[in-house]
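In structure tokens, one chain follows: the form predicted alone.
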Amino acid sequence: MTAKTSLTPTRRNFLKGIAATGAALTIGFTPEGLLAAGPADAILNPFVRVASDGTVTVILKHFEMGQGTTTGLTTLIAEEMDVDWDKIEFEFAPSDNKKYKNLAFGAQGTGGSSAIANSFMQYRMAGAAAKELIVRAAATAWGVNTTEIIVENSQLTAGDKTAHFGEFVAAAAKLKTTGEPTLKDPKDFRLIGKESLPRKDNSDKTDGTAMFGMDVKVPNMVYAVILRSPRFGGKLKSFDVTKAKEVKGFFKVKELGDGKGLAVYAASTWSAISARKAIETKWDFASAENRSSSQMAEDHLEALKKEPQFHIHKDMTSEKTTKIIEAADKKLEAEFLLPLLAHAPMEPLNCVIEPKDDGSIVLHDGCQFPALVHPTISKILGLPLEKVSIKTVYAGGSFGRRANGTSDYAAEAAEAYKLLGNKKAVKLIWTREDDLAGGYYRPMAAHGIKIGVNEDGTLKGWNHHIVTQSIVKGTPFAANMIKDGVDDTSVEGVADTDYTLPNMAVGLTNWHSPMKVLWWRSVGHSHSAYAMEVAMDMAAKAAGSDPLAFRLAHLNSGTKDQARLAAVLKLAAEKSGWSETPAEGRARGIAAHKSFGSYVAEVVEISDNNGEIKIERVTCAVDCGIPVNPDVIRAQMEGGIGYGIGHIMRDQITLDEGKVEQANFPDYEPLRIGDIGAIDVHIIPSTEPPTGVGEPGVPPAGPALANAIFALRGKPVLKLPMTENGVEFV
């Protein structure tokens, strides 16, 4: 997900006062955004809790799906409090949109690689305030000046006096703040930027105690799966459960509203799945997506030939720039086609709705967007918001799938629970086959690019037309993300490119389908970076220029953005040996892209093994501002590179007369460990505010591979996946 809102809150006037009593000190922000403190049960928005035994617990407003928030947000508190890393814990925040909103988009949720960026000052200030109060309480008790107290690894020392945090919690909770807390100078950081800091979620994920949604079991629980239309937009006409009744453990079938399908209940997951297979159904496909992928592709490419529906830069239309390009000495044209892609997280979607004796319910879920899920469930069940709570657990991946405007799987669970009489707990499970064949997808996208190059190697014009289905139209996100009919996620990475490209026109045509589309890891950048960076290599070749030099020549306006993108390009080139001639049968490709505030460049080195491509090495350089957790950053870059390259190599979702042909990993194969020889990640030191790392590694990965193949074979790869378009891999 993307957002244009500033991620850094102002420090001025955050402190209103601290007034409370009790044996635990809680630091956080009031709903009005004011820093405050109080006991554990204070009506505040706590980010850090200090108990009388000295335990420090960080309350995480962002969930953990593998991206490292449990480590990153905890680091910020531990840094400012000078906590012993082994003695600080974390827990996920409850659902409360006012108290725990993401500053990037004003609602509680995790996305857009924004967790650290929007929490950096917030959590540091909370930690600093907690430390200040404890120090003042200790100074009073010991009869010393606060400046005499040294805090290190959760211990306070002044002369021959020493104590741990918990010994002064009760006194600290009674104090009021006297002003804005003093934050550490970055030169004094001992945890932020530390290379060897262990991840906070390592232990429980290693010993099996980590609780994921799939692990949740509650009393009086039944299992449910949904029988959905085999085509998007189909409506249920009739069904027969005679054979399903023969399945051991089968419990009941209930029809969902609006002809969406059936909820199938059973005593176990396997019984529910088996019973579903035995149900005979008839569907109405009059309003469904009945086209095959080949027809969809033709429709996209045909739309490229027409005038764009929207012109992004009003002063430079497609018609105007085309005339300029026609006057160039050399003209290039390329049509890119990128397929539908599934998210395919390792943990299939699931959640549990548990009823309580007071009529309330608890949703157990790896919940990515409580701000959407909470009111959705409340509305379906007819319960006030305060009667619905969300217990967030670990999520086994998402890549954007769990954050959708309909809160689909949680909404289905609520409906299944309601249809069963609001009495039994319901565990709803999507199989991987369900999600691959009936979930949300990265939309198909076509890019038509025309480039004019002068005889001296300079660019004369660039005409870029994008055809794709809007992700946000018709969703709760539309109001903030669509301007003048244009979905920003459809054109990001092109309309806002950091390259200085003369006479550039960007056009958009919306494609329509009943199929559900959604942000996929790096959102629009996942297809725009591919088209832009492959086209840059094509233009460089036409200009007779080295691809690196060509890019640097178009990052020449002197802006900070261009300087930072140029820096990662230079570093990736240096570390990959770009200036050295590759060995016989080898080639390198380079690509760079800015997304989610971060700058990433990647060089892919490949070899030709009797006509098959082997990826020998990927070299990555990233500038993401202050590197809070370098090890987490490297892991996210490695994961993003693997995710991007793996999908571009061989993955696609295809339809045969509206029915998805892929079912599981044998048909939609993730990256294998042997697919890439090595990945080297280099982080640029920075004092800029931290930016995203969960998604920015994805966009340059595919085009860097494509450009290496272009360098080796002399022909660009314009249609994906590569294995379906003339490229074979070892």
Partner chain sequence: MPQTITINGKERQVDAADDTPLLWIIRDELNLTGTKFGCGVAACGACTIHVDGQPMRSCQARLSMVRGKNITTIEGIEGKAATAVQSAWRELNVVQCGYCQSGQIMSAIALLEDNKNPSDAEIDSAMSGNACRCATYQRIRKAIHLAAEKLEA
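This structure is a prediction, so every number in the text was calculated from the model and none was measured. Residue numbers count along the first chain shown, from 1.
Keep in mind that the form predicted together with the partner chain is missing from the display, and what follows is about it.
Within 4.5 Å, heavy atoms only, which of 210, 158, 563, 171 is in contact with the partner chain in the model of the complex? That would be 210.
Pick from 306, 248, 512, 323: which residue has any heavy atom within 4.5 angstroms of the partner chain in the model of the complex? By the 4.5 Å criterion, the partner-contacting residue is 248.
Taking 4.5 angstroms as the cut-off for heavy atoms, does residue 284 touch the partner chain in the model of the complex? Contact check for residue 284: no, nothing within 4.5 Å of the partner chain in the model of the complex.
Would residue 202 count as a contact of the partner chain in the model of the complex, using a 4.5 angstroms cut-off between non-hydrogen atoms? Flag for residue 202 set to yes.
Residue 364 near the partner chain in the model of the complex, any heavy atom under 4.5 Å? No, residue 364 sits far enough from the partner chain in the model of the complex that none of its heavy atoms falls within 4.5 Å.
May I ask you to check whether residue 52 falls inside a 4.5 Å heavy atom distance of the partner chain in the model of the complex? No.
Considering the partner chain in the model of the complex, find the one stretch among 264 to 272, 555 to 563, 293 to 301, 87 to 95 with heavy atoms no farther than 4.5 Å from it. Among the listed stretches, the partner-contacting one is 264 to 272.
Going by heavy atoms, what in 305 to 323 lies within 4.5 angstroms of the partner chain in the model of the complex? Not one residue comes within 4.5 Å of the partner.
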